[in-house]
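Given as structure tokens, the chain that follows is alone and in the form predicted on its own.
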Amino acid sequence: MQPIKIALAAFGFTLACSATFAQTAPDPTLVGQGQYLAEAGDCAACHTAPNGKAFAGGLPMASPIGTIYTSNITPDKSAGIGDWSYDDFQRLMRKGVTKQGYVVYPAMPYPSYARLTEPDLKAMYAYFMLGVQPVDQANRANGIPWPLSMRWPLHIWRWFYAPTAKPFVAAAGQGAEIARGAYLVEGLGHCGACHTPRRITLQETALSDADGPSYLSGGAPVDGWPAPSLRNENGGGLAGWSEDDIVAFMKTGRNKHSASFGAMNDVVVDSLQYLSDSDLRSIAAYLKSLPPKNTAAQPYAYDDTATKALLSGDASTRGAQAYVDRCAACHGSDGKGYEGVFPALAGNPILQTDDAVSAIHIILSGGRLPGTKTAPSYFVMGPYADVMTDQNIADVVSYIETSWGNQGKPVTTGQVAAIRKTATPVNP
């Protein structure tokens, strides 16, 4: 009976996935490829709740209309997607339509996933059906009040704003390396979901660079942390970073210019650190190929005026004194920090724009530099919300925003007070 059971299982999977899988269960290599792609897509970030089981869902996601709870995508037949065929799976990934026929909220970046190739989708399906542990955990009802909870408007939204579900095609003249990077960034990586502005109707203003320079030009805050520009531009973008710098950041969450924080920590830990060096190189090459949207911003140039003043014992302004008392021991009088340990403030991209939210948020909430497989050291900056007043924080943020050649702007106590209302200490 055992050989018969194996044959039947293989045949059932073949029907679900199409004739591609022939008469036997998929090779483990295919499941491994699917796992790699699921990591590249950072599926765990949304579908695994804190301290929850892998891909069992239940993660709360704040949205303008209420709280959305992510779904169970394990192969459990009652609570997950275990009874989904490949066609069911690819329809969700390309069109945002579930097996039950309703359209998912655009919190799932299916407009990006629509770019996946057929072989990659089949590999992911194989992984979720055969490489993931089934979990019998029922999906939680969304916290969205009626009438906003009605699903039929999502069909209209999809009709207007979701693209035609076609796999990625390289742009004319695009080399193989940059094309691979574009495929990963625009598709599985869904980087635009955070780093591209959205309209009032919640659609991204661009889904690729072909749609215009707003693509990856910086997005709205995610859990209170603004998403910076990923374009090759000054004034907060990647113009000052080499491809090596970008690769180092994706692999370790740190480089000589900055360090990851907020939601980007999870992207590095759960996704980017697992990508191959060649894929990381392709992503870096693609990002460096994106021309600037902000053409007026000037390149960063280090200015040692603040450094000389501090080294001579001049901390006469409130901001300078607060910096000496609270920040200089780690970030240095020169603002350059200690590479791989304490991030640089001088030239840091988040300090080159008019938006000081991230700087204020880090001081209020603290920061966490997570360990990765190639940079296992773990560093934490404690929160200062309980020990610094709004005036103290406004003073020190204004100081670092405008010292060492940084192009940011002074901030007010009102800005600090507004962010303090929602700031919560970072998990150590």
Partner chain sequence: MADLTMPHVDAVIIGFGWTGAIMAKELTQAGLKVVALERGPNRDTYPQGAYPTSIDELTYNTRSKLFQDMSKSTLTIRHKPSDQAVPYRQLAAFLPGTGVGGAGLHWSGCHWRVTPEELKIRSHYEERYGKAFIPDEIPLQDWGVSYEELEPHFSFAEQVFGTSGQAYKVNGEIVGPGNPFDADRSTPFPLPPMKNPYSAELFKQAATEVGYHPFSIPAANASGVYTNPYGCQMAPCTFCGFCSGYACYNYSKASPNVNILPALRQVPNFELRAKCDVVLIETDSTGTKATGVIYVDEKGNRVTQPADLVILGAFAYNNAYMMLLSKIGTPYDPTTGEGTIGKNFCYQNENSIAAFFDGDKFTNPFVGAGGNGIACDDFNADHFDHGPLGFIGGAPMWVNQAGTKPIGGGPLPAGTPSWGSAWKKAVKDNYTHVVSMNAHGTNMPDRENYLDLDPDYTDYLGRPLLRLTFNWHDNDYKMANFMVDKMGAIAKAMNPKAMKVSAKKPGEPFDTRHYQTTHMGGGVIMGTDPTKSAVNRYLQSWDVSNLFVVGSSAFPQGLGYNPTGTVAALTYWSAKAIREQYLKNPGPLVPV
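Residue numbers count along the first chain shown, from 1. None of these values were measured; they are calculated from a predicted model.
What comes next is about the form predicted in complex with its partner chain, which does not appear here.
Under a 4.5 angstroms non-hydrogen atom cutoff, its partner chain in the predicted bound form lacks L130 among its neighbouring residues. Contact between A62 and its partner chain in the predicted bound form is not found at the 4.5 Å heavy atom cutoff. Taking the partner from elsewhere, R254 is found to have a heavy atom lying within 4.5 Å of its partner chain in the predicted bound form. The closest non-hydrogen atom of T67 lies beyond 4.5 Å of its partner chain in the predicted bound form. None of 329-337, 136-144, 79-87, 198-206 except one has non-hydrogen atoms within 4.5 angstroms of its partner chain in the predicted bound form; the exception is 329-337. Residues Y378, F379, V380, G382, P383, Y384, V387 of 378-412 are found to place at least one heavy atom within 4.5 Å of its partner chain in the predicted bound form.
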